[in-house]
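The chain below stands alone and is given in C-alpha cells; this is the form predicted on its own.
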C-alpha cells in the first residue's frame, strides 16, 4: 500500500489523505481515512466506493443494479434547465455522407456497406464547459456530434475533437464537470478551467493527465470548426452477418487540414467577436465553400486488443495511427444551415445508445455510463419521452412502428385497438412485430467474473501516453503546452495544487515540468507524484498527433484582411482580391471609415470593416495597401498600430506596399524585426509570392523571438538536448 497526502495551505481546513491500494484482483482503490464526513446517497446510505461503477468482472459491463451510480448520474443530468449541462454552446448544420468503401466483411450496417449510398446527417459543434452565452474561443474541448439518418434508423456518433477523455469510469463524470465549471459559491470563472477547483480535481485524478496534455495544446483553441478533427472516443464494435465482431474507432478528418490560433489571439477574438466560430461556419456555407471531412475507421481484432500496450476499453487511451492506420471509407459535406436555431440546434438530441444493426458496444465503463446517461438527460432537457417526435430527431430513412404511446407532447400514437405486443389482433390496424432476421442483434459477448466495484489494473498507466503525446508535438506546440499550463496554474490560488500538478508533469516530461515550475516561480522542483504503474519511456512519437505537421497546404478556405487607405494602388487591390478569390479564399477590406477608400484611379473600394471593428485577430493573414499620406495618418492611430503589432506577434504573414514601411515601424516592428514573413507587395508577381507564403498558416519561428517565455523554453530544451 502506498499513501499520498494533499495538504491544504489553509489552516482552517483539515488535510486530506488517501490510501491507494491494489486489491486481490489487481484493481485500484482509493480509501479516504481522514475521519471526516462520510459520503452518502440521497437516501442517506453510506457509499463505500465513489470511484468505480459496479461491473461484472474487472473489465465487464456496468450493471443497472448500481443504485449509487444511477442516482448520481440521474441527479447530474437534471441539474440544468433548459440548456444542456455540458455542451450548452453549440452550432448545428446539415449535411450529407457518401460511402466510398464498403465494410461488408465487418458489418451489416447498410450505411457502411452500400457504396455510393448517401445519408442525410446533422452535426452539432460545441464547447463543453461554458454556458450558452459564453464565447467561442474558450480553451475547451470541442464537441463534434453527428446524427446519421440511415435507412435502418438514426445512428449517433457523439464525439469530440480529442480522442481521449478525462476519466475512465462514468461515475466520475459529475465530479469532473462540477470541477471544471464555474465555482458554485461565486458563479465564475465562466468557460474556463483556470481555477482552483478544476486543478484540485486533476491533481487528485492522475488518469486525467493524458487529456490534460491535449487540453493544454492548441487543439482546444482551433481556428475554425472547419479545421478540427472528430473522434468517437470509445472503442465500439462492428458486427457482420455471421455475428463476428470487429473492434472499431471512428475518426473525422478535415479536408482543410488542422489549424489553430494563439492564446493571446483567442483572448482578443473573444472580445472582438464572441461568435467567431459560428460566423465562420455560417459564412463558409453562405459563400458556397462548405467544409468537408473524411470518415475513417481503425479496425482491429481480439489479438491486437490482447497484445496492445494499453486497454482498448480505457477511454483515456488512444491507438496511434502508426500502429493501426485510419482507413478512409467515405466523406461528408456540411452545406445546409438550419432554418431555425432553436428548433434544430437546441432541440437536437444525441445519444450514444443510438446505433443501428451491425454497430455495437464494448464494455468501456465510460461508454456504458454514457449509454444510460444521455437518454435520461434528453428526457429532462426536452421535457418528455416523446423528444423523438421533434422533426430534427425523427428518423428520415425508415418508418417508426411501435406501441409506445401518450406522454407529454405526443405527436403520434398507435391507431386502432392494439397497443401491446404480443397480440392476436391481425388485420385491426398497424400491428408491428419483431423481426429475428433483420432486427438489431447485440454482440453475443461472454461475460464472467465477480460482481464488484473495481477498476481494472489494465487501466492503471496514466502517464505513458501523455508523454507520447507531448513528444509528438513540434517544438512550438510543446512551448504552447508549457505556456498554457503556466497560465492556467497561475490562476490557481493554492500553491500546493500547483506543486502537485508539476509533480504529475515530472512523470510525463522533466523538461516540461521544469519549464512550468520556472514559469510559476517555484523555488524548487516538487517531488514526482507516485505512479500506480511506472511510466513507459519507449513509446515512439506519433506524427499524426501534431497540428503543425498536418496543417493546410494552401491559403484556400481562409481569410485575408486588406487594410486600405485613400490613394492606395487600385492595381494592387484588384490583383490581391482576385487572386485570393481564385484560390478559394476570402478577403475583406478594412479602412479608416466603413464607407471605404478612394484608390489612386479614383474608384471607391467599399469597406467591410472599419479599422476599429476589424482587428487583425479576425484574419489568417493581412495586407497593408497604403498610400504615403494614408500610412502617415494611420501612424497616429493606436488601433491601427495594434492591427500591425498583433499580426506580427501572432506570427501571421504581413504583406505591405513600400509606403507602409514607416507605419509598420511606428507600430513597433523595427527594420531589424522584419523577417521573411513581412513581405513587400509592389506587383502581381509579389502578390502570388505573398499568398503562397500564407499557405504555411503561420511563421512559427517568429514566436521564439517575440515572446518573453521563449527564453525559458529554449534554455530547457538546450539543457535537455
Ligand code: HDE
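Note that this is a predicted model, so its numbers are computed, not measured. Residue numbers count along the first chain shown, from 1.
From this point on, the text means the form predicted together with the ligand, which you will not see here.
Taking 337, 396, 381, 610 one by one, only a single residue has any non-hydrogen atom within 4.5 Å of the ligand in the predicted complex, and it is 381.
A heavy atom within 4.5 Å of the ligand in the predicted complex is found for one listed residue only; from 99, 108, 517, 145, this is 145. Although the partner is absent from this view, residue 362 stays clear of the ligand in the predicted complex, with no non-hydrogen atom inside 4.5 angstroms.
In the predicted complex, residue 165 approaches the ligand with a heavy atom inside 4.5 Å.
Looking at residue 591, you'd find every heavy atom of it more than 4.5 angstroms from the ligand in the predicted complex. Contact annotation: residue 267 falls outside 4.5 Å of the ligand in the predicted complex, judged by heavy atom distances. Between 507 to 515, 153 to 161, 257 to 265, 487 to 495, the stretch whose residues reach within 4.5 angstroms of the ligand in the predicted complex through a non-hydrogen atom is 153 to 161.
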